[in-house]
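The chain that follows stands alone, in the form predicted on its own, written as structure tokens.
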Amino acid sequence: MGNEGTAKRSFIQWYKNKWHNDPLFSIFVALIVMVILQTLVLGFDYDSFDGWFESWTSNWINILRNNAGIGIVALGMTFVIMTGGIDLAVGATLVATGAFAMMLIDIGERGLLGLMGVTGVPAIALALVLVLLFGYLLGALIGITITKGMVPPFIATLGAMMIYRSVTQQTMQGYNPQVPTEFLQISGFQIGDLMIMPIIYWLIIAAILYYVSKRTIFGRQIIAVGSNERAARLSGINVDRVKLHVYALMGLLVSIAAIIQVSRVGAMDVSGAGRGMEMDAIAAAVVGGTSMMGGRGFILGTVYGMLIIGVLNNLLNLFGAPPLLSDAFKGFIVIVAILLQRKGKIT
């Protein structure tokens, strides 16, 4: 009994230390609790284990697929917040790049690539490259405004949000592009019987950015800039260039999310699409342990945070909660996450 009591106390002490000092551990525990709660809510009233497992798996695939686009944006938002900045323009950038994609690949009379005689698969390939470049450019313009114009990120991205969406709405007024079937395969291509391509894109990008954050000079520079910008400058880091690249990367990731959305739905509502996306992305990053003060952030934590929010949305639907209150629940979680944030070193 003495050994068992000692082992129990040792485990409790280990658990407390991990909970207080390892943000990823506490976030993962919270995710496990959410998964268990969701499993219980789904219930076990099935004829067989296979039937239950199929329903459980289908529910999870829907959650992951529905949140893949926002998850990709949240990864970029993690880098932005790590530099001490913010990007409120991601929803408007999504609309602008999505509309640009539809204008390029439109198989109607006004399709830009069609007018130049480029059709079929070559048109789709060229459109993808141009949309990615366009998103990178829109993000870079924000970065230039912040670094060269010395405009605070909140103001710069707020202005960009209004400009990008307004110009897009004016451009697309009365225009209904026809998206070719081949383009829909970007998200609709099935592996077996599963439509999981958006999930795969999300996981690949998360893996790449995880490597960037942990194993590259650029990743270390992002942390240095967010931790102490003045010290970063004195150490020889080109702070403006780092910020410019981070916001340009944000624009690139948003353009990927736009491609996924257009290829999933076959259209994009330029007046409503992307609204609130910035808050979901910020929420996922903050819940995932990213400090709003800059200098600390975890790509893996953001993936966990996005999953927590995705499960929360799913639970609210299963419980029949009023849709208008979903943002209230997410806001509450963000506030709690910030209150519980503790500095710790991830080993």
Partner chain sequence: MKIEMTNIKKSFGNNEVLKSISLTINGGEIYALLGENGAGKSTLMNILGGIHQADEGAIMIDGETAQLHNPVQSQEAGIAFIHQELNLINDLPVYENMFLGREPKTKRGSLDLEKMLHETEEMFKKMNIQLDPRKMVGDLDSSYKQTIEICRAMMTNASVIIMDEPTTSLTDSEIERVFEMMKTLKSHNVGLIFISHKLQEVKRICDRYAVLRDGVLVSEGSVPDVTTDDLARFMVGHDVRTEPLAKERNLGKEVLRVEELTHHPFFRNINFSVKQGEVVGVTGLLGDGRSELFQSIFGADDISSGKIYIDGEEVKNNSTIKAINKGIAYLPRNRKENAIIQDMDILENSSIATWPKFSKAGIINNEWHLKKFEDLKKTLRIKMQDPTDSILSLSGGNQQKVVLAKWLATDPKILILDNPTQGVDVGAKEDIYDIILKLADENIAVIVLSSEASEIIRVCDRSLVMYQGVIQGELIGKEMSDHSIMNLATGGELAEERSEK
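Positions refer to the first chain, counted from 1. As the structure is a computational prediction, the values presented were derived from the model and not from experiment.
Quick note: we don't show the form predicted in complex with the partner chain, though the next part is all about it.
4.5 angstroms heavy atom contact with the partner chain in the model of the complex for residue 275: No, no contact at 4.5 Å.
Please tell me whether any heavy atom belonging to residue 110 falls inside 4.5 Å of a heavy atom of the partner chain, as the geometry stands in the model of the complex. Contact with the partner chain, no.
Report yes if any heavy atom of residue 167 sits within 4.5 Å of a heavy atom of the partner chain in the model of the complex; otherwise report no. Judged by the heavy-atom cut-off of 4.5 Å, residue 167 is well away from the partner chain in the model of the complex.
So in the model of the complex, does any heavy atom of residue 238 sit within 4.5 Å of the partner chain? Residue 238: contacts the partner chain in the model of the complex.
Listed range touching the partner chain, judged in the model of the complex by heavy atoms within 4.5 Å, from 307-315, 292-300, 63-71, 29-37: Stretch 292-300 is the one.
Find the only residue in 119, 145, 178, 227 having a heavy atom within 4.5 Å of the partner chain in the model of the complex. Here the answer is residue option 227.
Counting non-hydrogen atoms within 4.5 angstroms of the partner chain in the model of the complex, say which of 232, 199, 244, 161 makes the cut. The residue from 232, 199, 244, 161 that makes the contact is 232.
Residues from 208-222 in contact with the partner chain (non-hydrogen atom within 4.5 Å) in the model of the complex: 211, 215, 216, 217, 220, 221 sit within 4.5 Å of the partner.
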